[in-house]
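Only one chain is included here, represented as structure tokens and corresponding to the form predicted alone.
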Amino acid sequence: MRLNQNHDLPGTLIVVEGIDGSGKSTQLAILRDWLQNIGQDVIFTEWNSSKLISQTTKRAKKKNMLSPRTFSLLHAVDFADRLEQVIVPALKAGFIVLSDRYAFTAFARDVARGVQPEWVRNTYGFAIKPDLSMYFSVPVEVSLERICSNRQPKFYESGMDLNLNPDPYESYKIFQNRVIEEYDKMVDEYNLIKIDATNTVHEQQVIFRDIVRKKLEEKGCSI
């Protein structure tokens, strides 16, 4: 499994993970702006965005016709396409690749849906190991409050496909707590760097940026 081995490509792969409402996307966007402003070459990619498969996944979601394993396979195809078409070429060219979610999202969500951990990990066995994997940790109650300030929880986001609870808000808490449990297990397994996402945006970014700066300097990049 390539996730257990450091890659030898000149670029740097930085990954952010966390449950919905953790603020990870905001932190990555701020980091991207900073890196671009100091003259770094940056490529951004996000979960479920492959032109090859993302529309198929979205249509299937709307019809609520995805079993946990089918869900997992569709996302794996999406990930494989982005890895080969975006991530690896950018790393070969020496770019900094910023990924909003990575294979760890599947390891957390799919297992929370009842898929065997070994099966999911083997499915993503082709994934390369990130240089940095950040996990923005937040209690489920905080995440739900943040989400509800803008919209209602979504069907799959709430785990409504699992019949956990007829109330979408209660189902969200149950499902996302399962996801949190899986992320917490991966902190040691995959050396995820845990950041308290209940801190202010500025406090988190200071920590995040300092970690990224040190990693880039390790790889010979002057910041």
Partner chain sequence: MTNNYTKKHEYPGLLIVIEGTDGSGKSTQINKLKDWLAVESYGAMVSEWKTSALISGAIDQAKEKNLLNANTFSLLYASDFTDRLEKNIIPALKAGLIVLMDRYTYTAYARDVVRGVKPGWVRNLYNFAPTPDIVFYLDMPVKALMKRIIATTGLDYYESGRDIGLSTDFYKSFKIYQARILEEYSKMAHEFNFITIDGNLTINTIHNQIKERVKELINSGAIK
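Numbering follows the first chain given and starts at 1. Bear in mind the structure is a predicted one, so any value in this text is a computation, not a measurement.
What comes next is about the form predicted in complex with its partner chain, which is not displayed.
Colleague: Just one of 186, 66, 42, 193 has a heavy atom within 4.5 Å of its partner chain in the model of the complex. Which one?
Modeller: Looking at the other structure, the residue within range turns out to be 66.
Colleague: Only one of 53, 35, 160, 180 comes within 4.5 Å of its partner chain in the model of the complex by heavy atoms, so just point that one out.
Modeller: Of 53, 35, 160, 180, the residue with a heavy atom within 4.5 Å of its partner chain in the model of the complex is 53.
Colleague: Please state whether all three residues 46, 49 and 91 have a non-hydrogen atom within 4.5 angstroms of its partner chain in the model of the complex.
Modeller: Looking in the model of the complex, the three residues 46, 49 and 91 all stay beyond 4.5 Å of its partner chain (heavy atoms).
Colleague: Counting only heavy atoms and a 4.5 Å cutoff, which of 146-154, 130-138, 103-111, 76-84 contacts its partner chain in the model of the complex?
Modeller: Going by heavy atoms within 4.5 Å, the stretch is 76-84.
Colleague: Suppose contact means any heavy atom within 4.5 Å; which members of 120-144 contact its partner chain in the model of the complex?
Modeller: 122, 123, 125, 126 sit within 4.5 Å of the partner.
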